[in-house]
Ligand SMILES: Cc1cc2nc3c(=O)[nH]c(=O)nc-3n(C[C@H](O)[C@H](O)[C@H](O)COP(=O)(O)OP(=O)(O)OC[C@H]3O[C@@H](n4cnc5c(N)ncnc54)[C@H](O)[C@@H]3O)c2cc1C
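Shown here is one chain on its own, the form predicted on its own, set out as structure tokens.
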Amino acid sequence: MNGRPAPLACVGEVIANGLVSSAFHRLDIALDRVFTFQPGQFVMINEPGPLAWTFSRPFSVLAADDRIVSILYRVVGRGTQAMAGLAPGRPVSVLGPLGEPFPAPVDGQTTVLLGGGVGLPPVYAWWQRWGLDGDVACFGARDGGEVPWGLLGGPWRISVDSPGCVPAGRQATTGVVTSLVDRDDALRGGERTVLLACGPQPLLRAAADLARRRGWRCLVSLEEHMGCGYGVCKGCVVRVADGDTVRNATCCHDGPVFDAARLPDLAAEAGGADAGGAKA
């Protein structure tokens, strides 16, 4: 955890908030100070004052530029529905960055990135900061309409459950997102390959299984229900193995990034069920 940026709590101002695909919104917030983060970290978002929700909502950081922090979200409940209605100029409370990030690359390492649905931000942020020509970045969605094509340039490999709504000039493979890597013979084997994944639980299981078969290290970013964001409320407990002992860790404080080999709940075989679609 050493070297992580210190978290800050402040009230920012919405400068942009709108759809970037048929499913995903991007929220840009201007803060009163410079915001720095490590890919994989998250922020807790709320409305300040009497309009505050009972619990803040956690969102992985998509990008940050000086004082502006950006997140990507899908409307799935009352909190995100309220967020979708935040017009430019509205105040927003921000706590972060929080959590354990994905590690920076080391010399000679090949990195494979797998993002599914709203699991895109951590792997997108990693690619934007450290991605090299030899790395592989993949994203899976339910259909082409869900894909935020404006964010994902040519190097990204795209998979969709349904082939509809793919724009002219762009390509998407029908199938699960791990197939974009599984069929790549150039990536077979190699102790210097690391797989980073974030997305639905079936995708994470499939990613962990793929890494085991290839002999790769696999790090996953989990998305659990978080109430506080810093390990007090115990609402995001996950089972983590320390040698022969399994303990309860908090996803927000001990994670959200974990080594997949330490997560017993990812040990089950994926069975080909890693739909590239987004989590609810």
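Just so we're clear, the structure is a prediction, and the values are computed from it rather than from any experiment. All residue numbers are counted from 1 along the displayed sequence.
From this point on, the text means the form predicted in complex with this ligand, which you will not see here.
Among V160, A137, L204, L72, the residue placing a heavy atom within 4.5 Å of this ligand in the predicted complex is L72.
Annotation: in the predicted complex, residues S60, V118 and P256 each come within 4.5 Å of this ligand through at least one heavy atom. This ligand is not drawn, but in the predicted complex it has a heavy atom within 4.5 Å of F42. Not displayed here, this ligand is kept clear of R217 by more than 4.5 Å at the level of heavy atoms in the predicted complex.
This ligand in the predicted complex is not approached by R170, whose heavy atoms all lie more than 4.5 angstroms from it.
When this ligand is considered in the predicted complex, C165 lies well away from it, no heavy atom lying within 4.5 Å.
In short, of 240 to 248, 207 to 215, 50 to 58, 31 to 39 it is 50 to 58 that has heavy atoms within 4.5 Å of this ligand in the predicted complex. Along 63 to 80, these residues reach a heavy atom to within 4.5 Å of this ligand in the predicted complex: L72, Y73, R74, V76, G77, R78, G79, T80.
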